[in-house]
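To begin, one chain is listed below as structure tokens, in the form predicted alone.
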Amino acid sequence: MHTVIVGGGFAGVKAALELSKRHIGKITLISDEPYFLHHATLYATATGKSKAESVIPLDEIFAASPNVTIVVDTITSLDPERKLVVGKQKSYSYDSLVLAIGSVTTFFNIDGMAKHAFGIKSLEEVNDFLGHIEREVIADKHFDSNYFIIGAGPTGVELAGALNEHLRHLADVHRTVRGKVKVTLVEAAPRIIPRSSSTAAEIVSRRLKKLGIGVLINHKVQALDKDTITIDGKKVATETAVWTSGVANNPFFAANSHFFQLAPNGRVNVNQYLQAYKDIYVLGDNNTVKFGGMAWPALDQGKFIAKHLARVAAKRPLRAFRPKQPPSGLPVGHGWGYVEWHGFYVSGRTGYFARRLMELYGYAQLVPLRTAIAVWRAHDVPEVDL
């Protein structure tokens, strides 16, 4: 039995690890990059923390899994009749195919956004953003008066808290006059973190206000150019706008839509076994299963598919996947966090510790506990100061 898994995120990596443990034939993991990228910690990497907490080489994750072959390639199409997945480099045959290729950024056709906005969704984007801050502070000896973060979901809020502290740190280290610097979140919805509870939005809003971070809700960004942003018809000077809003399903599925049933949001409808087509399974951000787009549900789906394929191979009765609501949480500046689960919440230092434990759990699902703790502790290790 040969299982091909496409995607080096939480769902794909977990599926490969669990299949490897069960010694179910040959496993090929195809990923665009040779590393696992922890997207939930990129806000920290983008504001001067060590890359070690965000980037784990796939070779390290699968060092004890000799039945897993890692391939760096990008898939482009499918041939289910011949059981082939086609990549830019070559084609790969499979008995079972698992697709967990993540989402992509969409800018909602906002004028100039794709060209001028910074992002923190990939390592390349993070490095571009860090380089921009370095040029400002070291080469040009100045800060922007306005730093805008567009999108007040968890990533935007986390970045706002971290960036606010990072700019203060850089001003102290490089003895640069900071002046009146403002970090502002812009959100088109009626409140921040719109997918969380109203309690979460209220408590986190108070924290942002205490930190001096501006929040504009019910405001739409209409355009962005090199040195101005247009919000509800008003132009404001800025050289630093970060886009953390708007994701869409990977265009691979639309390009191969004759094999998939797509929901209105572009995600793939799957059955109770996460199957989208004969011997093809779709996981994580790419399917319509409840609680999608979060790390813990992706891990659950990865673990489920390994058990499912083991049952298929052994011709045992199959069991349906049952999604579970995970806890959700976010840090807002160092030492403060908010976590909620099933109507209960904690905030402040307790919330920060709870969120950090959530991160440790995620790492421990992918690497041995000793390695997980080392990666987890990298959060408190800064990169070399700019």
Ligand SMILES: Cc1cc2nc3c(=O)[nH]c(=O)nc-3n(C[C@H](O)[C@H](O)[C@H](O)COP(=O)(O)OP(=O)(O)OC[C@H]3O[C@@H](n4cnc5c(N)ncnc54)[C@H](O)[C@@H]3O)c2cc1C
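All residue numbers refer to positions in the sequence shown, first residue = 1. As the structure is a prediction and not an experimental result, all values here were calculated from the model.
There is another form of this protein, the form predicted together with the named molecule, and it is not shown here; the text below is about that form.
Taking the partner from the other structure, the named molecule in the predicted bound form has a heavy atom within 4.5 Å of a heavy atom of Asp73. Interface residue remark: Thr184 is not counted as part of the site for the named molecule in the predicted bound form, having no heavy atom within 4.5 Å. Within this chain, Gly293 lines the site of the named molecule in the predicted bound form, having a heavy atom no more than 4.5 Å away. The shortest heavy atom separation between Ala152 and the named molecule in the predicted bound form exceeds 4.5 Å. Heavy atoms within 4.5 Å of the named molecule in the predicted bound form are found in exactly one of 306-314, 209-217, 109-117, 278-286, that being 278-286. Checking Val270, Ile101, Ala201, Ala241 for any heavy atom within 4.5 Å of the named molecule in the predicted bound form turns up a single hit: Ile101. Out of the listed residues Val346, Ala52, Leu360, Ala40, Ala40 is the one that sits within 4.5 Å of the named molecule in the predicted bound form by at least one heavy atom. Of all the residues from 15-33, those having a non-hydrogen atom no more than 4.5 Å from the named molecule in the predicted bound form are Ile30, Ser31, Asp32, Glu33.
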